[in-house]
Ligand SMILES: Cc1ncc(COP(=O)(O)O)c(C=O)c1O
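What follows is a single chain, given as structure tokens, in the form predicted alone.
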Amino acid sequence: MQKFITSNAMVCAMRPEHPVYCLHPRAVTIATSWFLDNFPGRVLFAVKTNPFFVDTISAAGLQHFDVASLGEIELIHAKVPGARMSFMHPVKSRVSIRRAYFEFGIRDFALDCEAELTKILEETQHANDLNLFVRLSVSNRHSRLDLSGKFGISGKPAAKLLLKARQAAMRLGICFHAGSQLMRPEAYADAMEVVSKLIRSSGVIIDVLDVGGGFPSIYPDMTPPPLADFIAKISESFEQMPVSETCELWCEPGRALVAEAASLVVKVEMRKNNTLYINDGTYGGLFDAGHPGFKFPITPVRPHAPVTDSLGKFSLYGPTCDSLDFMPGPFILPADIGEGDYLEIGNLGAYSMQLRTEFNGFDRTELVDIAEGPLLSMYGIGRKVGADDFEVIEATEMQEGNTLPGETT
């Protein structure tokens, strides 16, 4: 992999015709170390967010992985021999359960219904060394992405399932997911209160509480509280729960460990008014900029041209023939941006590389190593490009009678 000091240096040297991922592995090391140093329990990496950085995360000292499929299990087994894996997907095939237990030595299994409990017991031949985690349904009202609709159990059925799992488990756990990109630490406190009420109503003693993921990253229109505030709220709530002193506390960060670890340099192929047509999009590495509408930090890369101080609001189209390949933004860029310019879109280390497709043949990318930090950072290592621009243009729009390039009064 080629290495460059900056994305500007990369563009000068390569003049790329295809999207280029600029990787910042140091950001992963810093984020992983922060969680290992500050979370008062066991930290698991949610592999689904970006398996590419498993080696970096392992080298930083994290040796426990949240896996959701046989593919992820095989990857961790190959890359980090001897690492602990927890199969936290609540619905698994029988083959996956059987191979996970007998072939890969996995003992941690999540479930949210009696049918899944039956599958786990049957496919492990009613093993007596299972660690079973009942997945609860909790509110996602403080999250940017709601993950409450697909998995989880609540109320009396949850109490009943917890009792059945207790009878079959060597160690019993409760897990939940309060959503992705949580914006308030209270989300964990609210979910942990739900757990406390269930423990009291069922009379069951648990051995592990897994608070899941949801730890946020920073984006131009989403500046969450410091991560330390989330940890403090979790610690405070855990101390008040009806659990024994030996009960373990787990978490499963994904986005918070890898979001800052990659940016994507794309090329502008066409400008129509304040819409830019670029060579990557929602079928490539920018799915989250389209469907959920994330406004990622963005900055022009112009090796031989000055960047104007005048700013404009732009939307983006990707390269495919599908009109759904659209990213509304708005993305704040120099008002004179146009064909041939390059853009660096930051904080794409989570999910971007995993959600790419081959649609229309626009699947070619390159990977380079970049020494400079991410555009925005929760850990104090960012270039801080994007957030300030967003604030500036929002303030400018408040001036009466002001219009932006391509707009009319």
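Just so we're clear, the structure is a prediction, and the values are computed from it rather than from any experiment. Sequential numbering from 1, following the sequence displayed.
Quick note: we don't show the form predicted in complex with the ligand, though the next part is all about it.
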Go through 94-102, 73-81, 210-218, 272-280 and give me the stretch that gets within 4.5 Å of the ligand in the model of the complex, heavy atoms only.
210-218
Just to confirm, with a 4.5 Å cut-off on non-hydrogen atoms, which of 173, 329, 318, 254 contacts the ligand in the model of the complex?
254
Among the candidates 48, 356, 383, 64, the residue which, in the model of the complex, approaches the ligand to within 4.5 Å (heavy atoms):
48
Taking heavy atoms only, is residue 351 within 4.5 angstroms of the ligand in the model of the complex?
yes
Does residue 181 reach the ligand in the model of the complex if we count a contact as any heavy atom within 4.5 Å?
yes
Distance check, residue 135 to the ligand in the model of the complex, heavy atom within 4.5 Å
yes
Does any heavy atom of residue 267 come within 4.5 Å of a heavy atom of the ligand in the model of the complex?
no
